[in-house]
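One chain follows as structure tokens, the form predicted on its own.
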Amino acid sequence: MKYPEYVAKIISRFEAKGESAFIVGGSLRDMLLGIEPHDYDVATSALPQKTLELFSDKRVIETGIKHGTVTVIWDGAPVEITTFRVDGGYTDSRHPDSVSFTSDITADLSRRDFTVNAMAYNQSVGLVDAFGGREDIKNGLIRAVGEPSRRFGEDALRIMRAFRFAAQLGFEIEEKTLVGARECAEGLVNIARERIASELLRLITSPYPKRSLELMRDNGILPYLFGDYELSERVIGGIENMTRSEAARLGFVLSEAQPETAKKIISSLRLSNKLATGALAVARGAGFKVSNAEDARRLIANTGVYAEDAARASEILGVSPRGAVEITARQKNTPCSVRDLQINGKDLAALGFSGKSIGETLNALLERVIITPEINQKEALLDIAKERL
């Protein structure tokens, strides 16, 4: 296997000073899968201070130097470099209480989560694979390193990572690893909701989320994400047909929840306002039946820029007939919001409207325009407004 020249130069610089260094983690896993990594992680026997000295001619960011990690910028590319280490005990179900450095690459790999991530490689030594990661990649398996309950007990977020990796790669989860995830699921209550949300979003926007969601449902993981809301077979079975965006797929996942339940779940996940708004719009719009142009305009009025995703969700769930997405797409440039009207609040005030009646009238005019778009002309709307006054 070949890695980029800048990575080779980093490894060679360590080796020239009597230290060992290897590509590790997701970058190596991707290389074995024939996928070009987005970035590279390197593990080394050199202590953090020595790493800083070796790369004093480069820009170095002390990413997590207390735990042995620095980031070296070489030719504009960031490479995260971590000293071989052994973790101490875990008391918060997330972070090791202490870290000690070691010169043994196998000891470093033994603390990692899954076998597919617990390998190391450089061109002089070759592949270091003490836990069968390459064979598990070949067989399409996510397997915990060592005893699964210990791995998940150390860091409960690894439970989410197991299902996320399976969804990304289209892998199965090895049976003992699945049992360990089920037995340790309660540890998820100790994990920050932002971290759980991050893994959930990466999982549902992966190419193969269906199988992971089935396994999470069957092994009691989903209540730690969604509380009492249960995902139906329709939702789980249809998710891979949704657009692969966070708002579209999260909205689809929540499409059968009551509106207040969906809001509560999204609030608990502490998402950005933009993502929360989009997901709720898709979830809400999934219940709209779109069978003609007027239906589509109503959907757009209710969901805005998320209308096509909402129409797709509605179509997948069987609420709308096939073709709902195309109908909606054709209507996206027609007047579907108060902003699109050829009349505004000032025009109504000039007629004698005031207070809440201005907003009520604008909404009433929009309703007329949604039914008959051709009347969206200023004079025609003024005439209707006068009648209403």
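Just so it is clear, the model here is predicted, and its values are computed rather than measured. One-based numbering along the sequence shown.
Although it is not shown, the form predicted in complex with a small molecule is what the next lines describe.
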Practice problem: Work out which of Lys264, Arg134, Arg193, Arg202 lies within 4.5 Å of the small molecule in the model of the complex, going by heavy atoms. | Solution: Arg202
Quiz item: Heavy atom within 4.5 Å of the small molecule in the model of the complex: which of Arg217, Arg111, Arg182, Lys210?
Solution: Arg111
Quiz item: Which one of these stretches, 308 to 316, 162 to 170, 281 to 289, 268 to 276, sits within 4.5 Å of the small molecule in the model of the complex when only heavy atoms are counted?
Solution: 162 to 170
Quiz item: Is Glu246 close to the small molecule in the model of the complex, meaning a heavy atom pair under 4.5 Å apart or at it?
Solution: no
Exercise. Flag Asp129 as yes or no: does it have a non-hydrogen atom within 4.5 angstroms of any non-hydrogen atom of the small molecule in the model of the complex?
Key: no
Quiz item: Within a 4.5 Å heavy atom cut-off, is Asp295 in contact with the small molecule in the model of the complex?
Solution: no
Quiz item: According to a 4.5 angstroms non-hydrogen atom cut-off, is Arg322 in contact with the small molecule in the model of the complex?
Solution: no
